[in-house]
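The data below hold one chain only, encoded as structure tokens and taken in the form predicted on its own.
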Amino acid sequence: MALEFNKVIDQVQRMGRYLGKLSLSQSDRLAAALERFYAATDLDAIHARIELVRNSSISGYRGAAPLPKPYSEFICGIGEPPPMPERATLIAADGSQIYPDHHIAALYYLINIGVYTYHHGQPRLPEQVTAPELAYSDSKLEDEDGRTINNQTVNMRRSVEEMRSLARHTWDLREEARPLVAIHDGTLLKFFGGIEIAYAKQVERDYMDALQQLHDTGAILCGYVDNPRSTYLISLLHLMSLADDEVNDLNLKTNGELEGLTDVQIFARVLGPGQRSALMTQNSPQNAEYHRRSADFEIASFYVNVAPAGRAAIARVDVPLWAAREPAAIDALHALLLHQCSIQGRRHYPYALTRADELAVVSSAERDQLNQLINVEMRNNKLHPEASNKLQTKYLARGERRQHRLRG
């Protein structure tokens, strides 16, 4: 049975009316947020308020904070597009996965990593590498209690393998043209403490080892977050609006009258083409743990409008403090990301990351072919592969289905 659109159209119409009313209320909140943003000029007062929530019984603040002195930037400051480096080396890594599936003949998962190297300003062809890993042993497929690992564990292992591959290739290219930029798809601030992640401590150690190797190369590491939903700045603006005696965990559970806004909504109004926001860190237990390992590992971020004109396209760029403390490194990263996002025309996304994703992605046809190869090898080893009854009935129900469309 297909989706019967005649039964859902009235719900779609109600959804549209709801979103329209929500937009009207958000415009008032956005105006208040912009007023507070432009008034956030007292760095000493902001530092004092951050110290209050860090060095007291208050533990619920998860918003932005200025970089430590003397590297702080004005929260409402705007960075213009900097000059482009003549030469640079950019290395981007991305990954994809096939999750464990109990309905097919053999249990496994696959992680495929793509690494793409772009030689900016040099008459050299790009370099591309893929690294597929097929995991099928019990030690890879089971958690500490002998249960099959979940998809969250596979996702985290994929993220760590992306960072490890990025670190290895950056190390191999450490003698290439500088600046040397390593681009990771997504946030750099990973949360390893969830109970759903199998062998989380080992995964965390592998990730931190990769960060250390990248640090040792002297590379500018960044995590590129397209279409971010973060509210770090919104939370800081709410924090600064409270009186000292109002700063408590109860009042920090929400963002008050700014609740529902995101940082992108602010910066889409504030940042012109190519401009970036101030560098800020995130106040969180995860980032504090990174800092405890090394002050260089604490994660900062800035927002940047990568659209050359017209409607803003806001991305968040995460960087470790070893790069955030170097203005020349941030200028080079800022300029190179703008150039990368201009290569594909209206698709405002780093070219090197796009190519890394193309290398990494595993299509459904490739997944089916891999399953066939596995079935052949099972037969070669006197095994009898057979999909589950559920999967076989799905094939029966869908295999011969034809689509019929109305002619205009």
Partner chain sequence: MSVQEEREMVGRVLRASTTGFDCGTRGSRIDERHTFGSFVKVPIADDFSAFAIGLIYAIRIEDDPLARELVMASIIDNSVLLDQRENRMVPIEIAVINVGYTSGADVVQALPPRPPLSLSEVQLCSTDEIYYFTRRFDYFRVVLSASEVPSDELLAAAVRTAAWAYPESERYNFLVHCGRQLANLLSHDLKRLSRVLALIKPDTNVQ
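Everything numeric here is computed off the predicted structure, so don't read it as measured data. Positions refer to the first chain, counted from 1.
In what follows, reference is made to the form predicted in complex with its partner chain, a form of this protein that is not presented.
Within 4.5 Å, heavy atoms only: does Asn375 come near its partner chain in the predicted complex? It does not: once its partner chain is placed as it appears in the predicted complex, Asn375 has no heavy atom within 4.5 Å of it.
Might Asn371 be said to contact its partner chain in the predicted complex, defining contact as any heavy atom within 4.5 Å? Looking in the predicted complex, residue contacts with its partner chain do not include Asn371, since no heavy atom lies within 4.5 Å.
Wondering, does Gln344 line up within 4.5 Å of its partner chain in the predicted complex on heavy atoms? Contact with its partner chain, yes.
Any of the heavy atoms of Arg178 lying within 4.5 Å of its partner chain in the predicted complex? Output for Arg178 is no: heavy atoms all beyond 4.5 Å of its partner chain.
Whether His238, Ser241 and Thr262 jointly form a contact site for its partner chain in the predicted complex is the question; each needs a heavy atom within 4.5 Å. The answer is no; none of His238, Ser241 and Thr262 reaches its partner chain.
Contact segment among 376-384, 344-352, 35-43, 66-74, judged by heavy atoms lying within 4.5 Å of its partner chain in the predicted complex: Among the candidates, contact is made by 344-352.
Among Thr148, Gln202, Gln122, Asn227, which has at least one heavy atom within 4.5 Å of its partner chain in the predicted complex? Going through each option in turn, the one that passes is Gln122.
Using a 4.5 Å cut on heavy atoms, which of Gln128, Gln213, Thr187, Ser284 is close to its partner chain in the predicted complex? Contact check passes for Gln128.
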